[in-house]
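There is one chain below, alone, in structure tokens, taken in the form predicted alone.
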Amino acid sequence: MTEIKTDKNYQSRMDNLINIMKNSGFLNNSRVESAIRKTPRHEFVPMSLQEKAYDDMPIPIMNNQTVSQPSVVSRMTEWLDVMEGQKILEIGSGSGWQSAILSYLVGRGKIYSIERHSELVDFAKKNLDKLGINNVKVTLGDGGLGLPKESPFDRIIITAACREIPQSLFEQLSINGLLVAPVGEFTQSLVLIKKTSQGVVEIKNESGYVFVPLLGKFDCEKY
């Protein structure tokens, strides 16, 4: 594969990807579009696969994980309705690409990202560091348990399939906070949930997604 080297080459591929996502209805928000444009995906994939960085498809990385499909990242990011200054918990750091997009949207806010695999923790940190992103903290741990000491969070995003959303994560979500996750065993529905003073309310539900399974105490593969 040929490494993407020139800004012109990268920008052209990015423009094409943005158009694909817009035409398919997966990208509708100008702030999310700006965040994606400012977060070059080729910096977050293995060098051998950089040529595919701007295809609308997941890209395999180490430990049988993937960099999620751009249209799916766009959908989840738009549903989260991220605002300046918020504190966000991400379950599943992967390569750090989703974290980087969120970091742009929160500005002075903070992203806490949990990753199960130590190799991916190092990979994500390296990718974020080389772009000078300093409002993301990547931690090795069991994402299903969250980060109680840093809670509550304004937003929570789960980037791996879970049969049920762990109760521990609802407990760490602030009142009026939003949580987005793929829920299901073999194929998943993407769900958006809001926590209110009266309990949790499902806001959106869209079927037809396939994610790698959540690992740890709430490992989807255990069921």
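The first residue of the sequence shown is number 1, and the count goes up from there. Bear in mind the structure is a predicted one, so any value in this text is a computation, not a measurement.
Below: the form predicted together with a small molecule, not depicted.
With respect to the small molecule in the predicted bound form, the three residues 86, 109 and 177 uniformly fall beyond 4.5 angstroms at the level of their nearest heavy atom. Stretch-level contact analysis of 169-177, 27-35, 156-164, 191-199 against the small molecule in the predicted bound form, using heavy atoms and a 4.5 Å limit, identifies 156-164. In the predicted bound form, the small molecule sits within 4.5 Å of a heavy atom belonging to residue 116.
The small molecule is not shown here, but in the predicted bound form it comes within 4.5 Å of a heavy atom of residue 214. In the predicted bound form, no heavy atom of residue 81 sits within 4.5 Å of the small molecule. Within this chain, residue 136 is remote from the site of the small molecule in the predicted bound form, having no heavy atom within 4.5 Å.
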